[in-house]
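Coming up is one lone chain in structure tokens, specifically the form predicted on its own.
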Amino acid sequence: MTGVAAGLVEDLAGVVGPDQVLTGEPAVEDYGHDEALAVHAAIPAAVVWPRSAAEVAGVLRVATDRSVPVTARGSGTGLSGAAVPVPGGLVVSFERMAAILEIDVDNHVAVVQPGVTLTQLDEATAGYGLVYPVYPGELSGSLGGNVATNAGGMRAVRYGVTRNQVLGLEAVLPTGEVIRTGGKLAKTSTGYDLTQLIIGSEGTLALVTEATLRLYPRAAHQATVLAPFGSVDEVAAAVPKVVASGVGPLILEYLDAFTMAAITHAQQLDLGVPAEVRENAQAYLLVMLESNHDDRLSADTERLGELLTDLGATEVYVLPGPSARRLVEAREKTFWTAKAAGAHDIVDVVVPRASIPEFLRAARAIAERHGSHVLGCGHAGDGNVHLAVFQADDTVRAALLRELFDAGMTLGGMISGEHGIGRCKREHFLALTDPVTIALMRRIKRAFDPAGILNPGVLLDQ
């Protein structure tokens, strides 16, 4: 260990205690990556496990004094490389700040530390008949990571994404100052909204040490409908009609035939769809409804089935509870299925909902032009298209991705709907985004982090 690294570890141990600091390449290796497919792992100099906001503040003061880059880490389930540290930098892991501090039934809020996972919060709120509605694909993900990336998931069509659910934050600036934003408030019009500025900033502005989250009544009944279509275009064209119908879907997902076959095979899932229907289906629409009233749910399900038939579905299946749950779980694990199949990258372009057919046509043309395969599924209800890219050549893949992102932005979309920019998409983001916007983001970054220690190289270049 060099003198600088030894001095850093000694200073950190003075803040959190020697048992809360991890060093040595074999020991810290697991903290050098997240689940991004296209970013190489990096070895940090040390990992530190703070237990309070005060300790986080002390750690950041040490890092600022020593000009050591800092990367925050929750569960490491991100897909954009935002949790990959700078080589020789410091990882602040929130594994040991994982307490649910309060569930306030009267105000319908939960107050949590950043290391709490979605599974833990769901189990805790269920006993109160409440639910935190953000369900990205990996429920072992932490709330701190969700806040950092503005995570979304399948239920966003009804409830929105993380930024719609966060009412307030406690966060630590790299100077060691602790700020509080928002609170248990339904609304506020008091100065700049720092809560919303920090959400989605990918650990580049401040480290979140506490979040106040909106909760909702947990619906008693759910129904799941699966509808195969003869083309992806038909599925995409049906989506706005379903949204406009008033049935209020909890989940509204599309899957191309390859992705459906892959996830049902991987999970050994038999949905009762006859072989002749599967052979002719090019895409599927998966719709889940919920209600506290069984009779209303039944009426909405029947109405939805009639609508889907009118919109061109070859069949409409109302799945039994166990099959429905397994299919939704399989859809949530699509990333792992794509990874196992050898995908080289995953993108999550978001476009206006009505533009999904045009974007998918553009994606197919771009893939063909580059001799590549682009397959996938997506949150059809909110225009968030998830595509697995199969192209081993880094240069060809980079060109393909640039064209994909440009096509989405030309339609009024954005590069990422929920995974974030991280390290994976930074160069594309900087090249395709208005320079005035990038310049403003740089000024905001300097205001929060004048020493530039928080996640350098993520979102913006170093």
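For clarity, every value in this text was computed on a predicted model and none was experimentally measured. All residue numbers are counted from 1 along the displayed sequence.
Just so it is clear, the following notes concern the form predicted together with a further copy of the same chain, a form of the same protein that is not shown.
Remark: residue 184 counts among the residues lining a further copy of the same chain in the predicted complex, judged by a heavy atom distance of 4.5 Å or less. At a distance threshold of 4.5 angstroms between non-hydrogen atoms, residue 352 is in contact with a further copy of the same chain in the predicted complex. In the predicted complex, a further copy of the same chain lies farther than 4.5 Å from every heavy atom of residue 394. Although the partner is absent here, residue 65 sits far enough away that none of its heavy atoms falls within 4.5 Å of a further copy of the same chain in the predicted complex. Between the options 32, 58, 69, 413, the residue in contact with a further copy of the same chain in the predicted complex by a heavy atom within 4.5 angstroms is 413. Contact with a further copy of the same chain in the predicted complex, defined as a heavy atom within 4.5 Å, holds for exactly one of 22, 13, 451, 441, namely 441. Listed stretches are 46-54, 429-437, 396-404, 32-40; the contact stretch with a further copy of the same chain in the predicted complex is 429-437, by a heavy atom cutoff of 4.5 Å.
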